[in-house]
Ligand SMILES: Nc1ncnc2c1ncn2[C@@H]1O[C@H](COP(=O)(O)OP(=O)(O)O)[C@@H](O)[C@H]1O
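In the form predicted on its own, a lone chain appears below as C-alpha cells.
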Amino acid sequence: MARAQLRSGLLRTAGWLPFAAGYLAAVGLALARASRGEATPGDVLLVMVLSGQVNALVAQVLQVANRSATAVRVFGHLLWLEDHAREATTRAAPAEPAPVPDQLRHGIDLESVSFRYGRDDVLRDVTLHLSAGSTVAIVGENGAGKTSLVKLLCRFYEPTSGSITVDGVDLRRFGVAEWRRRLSGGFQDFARIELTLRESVGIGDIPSVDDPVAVAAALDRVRAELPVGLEQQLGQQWLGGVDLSEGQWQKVAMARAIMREGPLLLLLDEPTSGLDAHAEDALFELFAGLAAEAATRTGAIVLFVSHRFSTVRMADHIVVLADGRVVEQGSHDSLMGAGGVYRELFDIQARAYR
C-alpha cells in the first residue's frame, strides 16, 4: 500500500507540474507586458483568475472521465457475468433430464466424491448416505471441507470425481434451477438484503413475497423480535431506512431460510454464528421441529454445520470431516464411545465451560 501510494503521489505530481509551469509562465508573461505598459494590472488579475477556472474545469472533466471509465468497467463485468451464467447453465443442462421428486423416499448418496479447487483437493473420496427424513450434522476443524460439501449439494460446483444421487437418480440429471427450488438454506455469510423487511424475508419463497401473514409467521418462528414493521426499509443508505444489529440481520436471514415450505433439503451452514449459545440452541430446537414436520410431508433432510457441540448432539447422524475425508460418523453416543476425533473435539469444547 505504501508503494502504491508513493507511485500515486508521483503521478499526481507529474500531472500537476505542466499546469504549474503553464500557470507561472502565463502570469509571468502578463506581468512582463504590464511592466512595459502593454497590459494593465486588471489584465494580470484576469490571467490569474482564468487560469484557476481552467484548472477547475480540467479537474471536472477528468473526474467525469474517471467515473465514466469506472461505469464502463462495471458494465463490462456485468456482461461477463451474464455470459458466464448463460454458459454455465448450458453446460449444466442435463443430457437425460429427470424430474426432481416431490418427496424423498431413500435419501441422498455421495459415492467416492472428490472436489478440487485449482490444484488443491478439499474433499477426497467422500462416501455418505443421508437418509430421508433425518437430521445430519457435519463437524470438523476449519478447512476440513464442510462448506465445500454444502456447495456441492447446492450444485454451486460439480464434483471432480464420484457421483451424488437423489433417490438413486444422478443429481446432474436434474435441472439446476429446478433442484434449487427444492432447497432452503441459511449460511454464515448471509446477505443483508436491503429491501423492506417483508421483501428481505419473503424472497426466501418468491411466490409468498407479498404475503405479510407468511412473512410474519416466519419471523415469529425464529423469534425475531425486531423494532421495525414489515414495510420498513432496511439499510441506512436509503431514504427512511434503518440498520439492524448483527444478530437481528441473522434472524432475518433465518426467517428467509424457512420461508419455503416443503423443501427436500434444508442446509444450515453455521447460520447462527452471530448469536449467543442460548439463542442458537433455541433456534436449532426450532429447526429440529421443522425438520420433523418436513420429514413427514416430503422426507426432507436437514443438514447443518456447526462448531457448537451442544447443538450437534441433537442430530440423528453426525459426520466428522478431517482433511477433506470422512473420518468418523454415527450418533453422538456412539462417537463418544469410540473415543476418536469427535470425542477429542467435544472434550476440548466442554473444558471451556467447566
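One-based numbering along the sequence shown. Bear in mind the structure is a predicted one, so any value in this text is a computation, not a measurement.
Below, we turn to the form predicted together with the named molecule, even though it does not appear here.
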{"property": "Heavy atom distance at most 4.5 Å to the named molecule in the predicted bound form, all of 117, 145 and 151", "result": "yes"}
{"property": "Exercise: residue 157 in contact with the named molecule in the predicted bound form, heavy atom 4.5 Å", "result": "yes"}
{"property": "Residue 141 within 4.5 Å of the named molecule in the predicted bound form, heavy atoms", "result": "yes"}
{"property": "4.5 Å heavy atom contact, residue 136 and the named molecule in the predicted bound form", "result": "no"}
{"property": "Close approach of residue 257 to the named molecule in the predicted bound form, 4.5 Å, heavy atom", "result": "no"}
{"property": "Among 211-219, 101-109, 117-125, 228-236, the region lying within 4.5 Å of the named molecule in the predicted bound form by heavy atom distance", "result": "117-125"}
